[in-house]
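Below sits a lone chain in C-alpha cells, taken as the form predicted alone.
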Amino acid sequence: MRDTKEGRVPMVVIKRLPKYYRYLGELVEHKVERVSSQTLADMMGISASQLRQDLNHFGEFGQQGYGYRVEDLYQEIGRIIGLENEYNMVIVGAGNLGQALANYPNFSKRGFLLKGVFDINPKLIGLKLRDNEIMDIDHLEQFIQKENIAIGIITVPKEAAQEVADIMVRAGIKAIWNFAPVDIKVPPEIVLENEHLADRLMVISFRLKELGFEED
C-alpha cells in the first residue's frame, strides 16, 4: 500500500490508477471536456461510489452536479502515478519476449526510457533492437550504475532469473519487473512486480471451466 495524507491506499486502488489514466486519456483524445462519475465508472466497470471512494484517497476532485474536468483529472492521475518523472530501464534477456518489450513504443511515451538490452547469447550480442544494441550481460552492473537505471526487466529463463536480479540489486536498481516463471527474492526496499504469463492463462482456464466451456 502507499501512504497519502489521508492514510494508506489499498493496493487494489493503486492497480486501478493506470486504468483511470488510460480511459481519461481516451476522453482527452476525443476532446471531451467533462465527465460524470457515473459515466467514468461505467467505462471502468465499477460503481460510481467505488470510483469516488478511490479518488478520495488522493484528494477532492470534481463538483457535485458538474462532474470532473477531464484534462485536469487526467493530469492529476498522471501526477499521482508519477508520470511527471522519467525512468531509465534495461531489459535482460533478448529472446522473443525481450525483443517484443524492447520494440513496444508506448513505454517511452509514458516516460519509461529503455537504455539498454542485455543477453548472454553471442549470436544476439551486437544486434540492434530499435535504438539499442544488445550488450553482453557481463557489462550489466557497470551500465546500471553509469546510466542511473531505475527499472530492470527480466525476461530470461527461470534458472538465471535470481542471478540477474542479484546483479541488478547489487548495482543499485530500484525496481524489477520479472517475466521469468519463477518467484525471485529481493530486499524489501526494491519494488518487485512479477508477471507470470502462464499463471494468467491458467486463471483464464479456470474461469472458462466455471462457465462450462468444453472443447469440441
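Note that residue numbering follows the sequence shown and begins at 1. The shown structure was predicted, so the numbers you read here are calculated from the model rather than taken from an experiment.
Just so you know, the form predicted in complex with another copy of the chain exists too; it's not on screen, but the next bit is about it.
J.: Just one stretch in 47-55, 160-168, 174-182, 32-40 has heavy atoms within 4.5 Å of another copy of the chain in the predicted complex, so which one is it?
T.: Checking each option against the 4.5 Å cut-off leaves 174-182.
J.: Spell out, yes or no, whether the shortest heavy atom distance between E84 and another copy of the chain in the predicted complex is within 4.5 Å.
T.: The answer is yes: E84 has a heavy atom within 4.5 Å of another copy of the chain.
J.: Using the partner position in the predicted complex, report whether I154 sits within 4.5 Å of another copy of the chain, counting heavy atoms only.
T.: So I154 does not count as contacting another copy of the chain.
J.: Any of the heavy atoms of K128 lying within 4.5 Å of another copy of the chain in the predicted complex?
T.: No, K128 stays farther than 4.5 Å from another copy of the chain in the predicted complex.
J.: Hey, in the predicted complex, does E189 get a heavy atom within 4.5 angstroms of another copy of the chain?
T.: The answer is yes: E189 has a heavy atom within 4.5 Å of another copy of the chain.
J.: Looking at another copy of the chain in the predicted complex, which residues in 178-211 have at least one heavy atom within 4.5 Å of it?
T.: Heavy-atom contacts within 4.5 Å come from F179, P181, V182, D183, K185, E189, V191, L192, E193, N194, E195, H196, L197, A198, D199, R200, L201, M202, V203, I204, S205, F206, R207, L208, K209, E210, L211.
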